[in-house]
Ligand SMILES: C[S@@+](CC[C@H](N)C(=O)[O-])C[C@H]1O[C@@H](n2cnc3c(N)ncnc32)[C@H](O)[C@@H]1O
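One chain is shown next in structure tokens, namely the form predicted on its own.
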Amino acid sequence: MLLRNAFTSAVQQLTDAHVGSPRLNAEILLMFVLNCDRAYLYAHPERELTPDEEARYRKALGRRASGVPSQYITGHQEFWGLDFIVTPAVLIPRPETEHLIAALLPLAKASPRPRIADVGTGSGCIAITLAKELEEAEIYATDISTIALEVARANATRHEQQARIKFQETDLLYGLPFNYFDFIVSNPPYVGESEEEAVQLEVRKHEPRAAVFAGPSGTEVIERLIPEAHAALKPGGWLMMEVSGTIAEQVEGLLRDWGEIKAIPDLQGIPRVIVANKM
């Protein structure tokens, strides 16, 4: 089968399966199967796919049509311009989380040798990005999942940051030193179980539930993280958390005993990051 015919058929298959952005997904999966870039696809429409390539493309398309995210099929996702390994053991890195990096970097760059903890590191995308951006930083990354930490360590090795990050299997900040950190950053579970039907089916079916849902209201993990972060931060230190617009106001209320508190919106104007300063 010619490349262009395989691609056209794939777009139609994904469209019929009601997969969002069918053309983009068809491109991503074909680039994965052929191990090429987008320019190659459009420069070689007459290329004949081998029987093995056709079979692997059909298999990948079938998985995507059934709802499996393309990132779990290819095993990769870009974040902050870096390529990260992802598996069903970790949350897929999303552009919204880049707002955490953007909020932290100006403050951290003004701090000599900042000490940073990434809580619930998952794929390690936050900790590794910070390690690459902040050469003098001392970085810890925690996760309660052994399998997630294996993925994070693999990503750290791929990006040559394994010696820069102290990975620790623990629940939130348990076991980390008190009054030690300048910054604590986290993309915690923040979706309430009452909102489950509003969450994309792909997320509900395929991404790790413990990384998405916090409990009935969505603030359960954050309610535990805030006092632990207060104990672990040095006076004047900063806590930065990704949240949803649904719970942003509640989270600000939980931080009423802190100093400066600020909500940073995403590109749609929805509160996405809550920043709080320890007095």
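We number the residues from 1 along the sequence you see. Only a predicted model underlies this, so the values are computations on that prediction, with no experimental measurement involved.
Another form, the form predicted together with the ligand, is not on view; read the next lines as being about it.
#### Entry: Contact stretch among 68-76, 132-140, 203-211, 156-164 - heavy atom within 4.5 Å of the ligand in the model of the complex
Result of the contact check: 203-211.
### Task
Quick one: from A108, L172, V151, A103, grab the residue that has a heavy atom within 4.5 Å of the ligand in the model of the complex.
Exactly one listed residue reaches within 4.5 Å, namely L172.
### All of P93, T121 and S145 with a heavy atom within 4.5 Å of the ligand in the model of the complex
Affirmative, all three are within 4.5 Å.
### Query
According to a 4.5 angstroms non-hydrogen atom cut-off, is G192 in contact with the ligand in the model of the complex?
No, no contact at 4.5 Å.
### Query
Should R56 be classed as touching the ligand in the model of the complex when contacts are defined as heavy atoms within 4.5 Å?
No - in the model of the complex, heavy atoms of R56 and the ligand never come within 4.5 Å of each other.
### Query
Are any of the heavy atoms in I128 no more than 4.5 Å from a heavy atom of the ligand in the model of the complex?
Answer no; every heavy atom of I128 is more than 4.5 Å from the ligand in the model of the complex.
### Query
Might R47 be said to contact the ligand in the model of the complex, defining contact as any heavy atom within 4.5 Å?
So R47 does not count as contacting the ligand.
### Message
For the stretch 174-199, I need every residue with any heavy atom inside 4.5 Å of the ligand in the model of the complex, listed N to C.
### Response
Sequence-ordered list: N187, P188, P189.
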